[in-house]
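What follows is a single chain, given as structure tokens, in the form predicted alone.
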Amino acid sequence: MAYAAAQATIGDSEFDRDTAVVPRPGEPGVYDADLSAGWTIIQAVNGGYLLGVIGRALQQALPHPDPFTVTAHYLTASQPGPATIRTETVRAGRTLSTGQASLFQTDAEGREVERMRVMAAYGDLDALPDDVRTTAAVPPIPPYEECFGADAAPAGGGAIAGSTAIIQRLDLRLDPATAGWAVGAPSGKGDMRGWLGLADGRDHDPLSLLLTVDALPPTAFDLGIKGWVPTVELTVHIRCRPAPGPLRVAITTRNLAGGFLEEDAQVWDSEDRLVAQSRQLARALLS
């Protein structure tokens, strides 16, 4: 399998640099960040990448290292450039700590605008017991080399990724069964599946798992709906530390009503373990 070459390591990669936060001197719990244009969809910054930025700030602010559950409400679209993250420790327990954080940017009139608000619980994934009982099944995705990358589409169609910058940061291979929308033939089932790594070969960790649940094209494309699908709310559960190698991601929607749809995601690692789950509510722009 021709996965992306491991040119980067955890802690020394594009994702790590672009999600870096700097504590503000004299203001405990406040961090400065620079949102990279490399993780945008059209002009808005991707919601999963934003979770990675805020997740890193909470990782520094809380006594536990790993996100267990993170819920984000997206209030206004974030733009590339400077941002401020204000965190608060709600409770610090023995096995879990809970915190909240908000990301702010300054608008064209010089006013501070809250872009998103997050509530999260952190713990230590390495301290969890090994007992696993699940009825969840590994998604039926074809081998990596049989899936479509950003520079190819079925039947000679256009590029799967479109012109969004984030696709250059990813090693994404879509299941052909969920890529028909790229040539004008969506299945109508509301599914999206594929292999996902980072373009520089960096292995995944709990923080980058926050990105993976929102990194594939939206399921609305498989329903025949084109255009941006902005997230309203996103909740992610991190279940265990992922093994090295690309991930298998499966996302589905079961109900589009009133201009909103839900997306349920499962993320599986190279050892066939369910490492992350999520649900989000998103707007489907129908006109």
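The structure displayed is predicted, hence computed values, not measured ones. Don't overthink the numbering: it's just position in the shown sequence, from 1.
Keep in mind the form predicted together with another copy of the chain is missing from the figure; the text below concerns it.
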Any non-hydrogen atom of Ala121 within 4.5 angstroms of another copy of the chain in the model of the complex: yes
Close approach of Pro65 to another copy of the chain in the model of the complex, 4.5 Å, heavy atom: no
Contact flag, Glu233 vs another copy of the chain in the model of the complex, heavy atom cut 4.5 Å: yes
His237: touches another copy of the chain in the model of the complex, heavy atom cutoff 4.5 angstroms: yes
Interface residue in the model of the complex among Thr164, Thr84, Thr71, Gln79, criterion: non-hydrogen atom within 4.5 angstroms of another copy of the chain: Thr71
Residue stretch of 142-150, 200-208, 167-175, 87-95 approaching another copy of the chain in the model of the complex, non-hydrogen atom distance within 4.5 Å: 87-95
Glu114, Leu261 and Ser278 each touching another copy of the chain in the model of the complex (heavy atom, 4.5 Å): yes
Another copy of the chain in the model of the complex - contacting residues of 221-257, heavy atom within 4.5 Å: Leu223, Ile225, Val232, Glu233, Thr235, His237, Arg239, Thr253, Arg254, Asn255, Leu256, Ala257
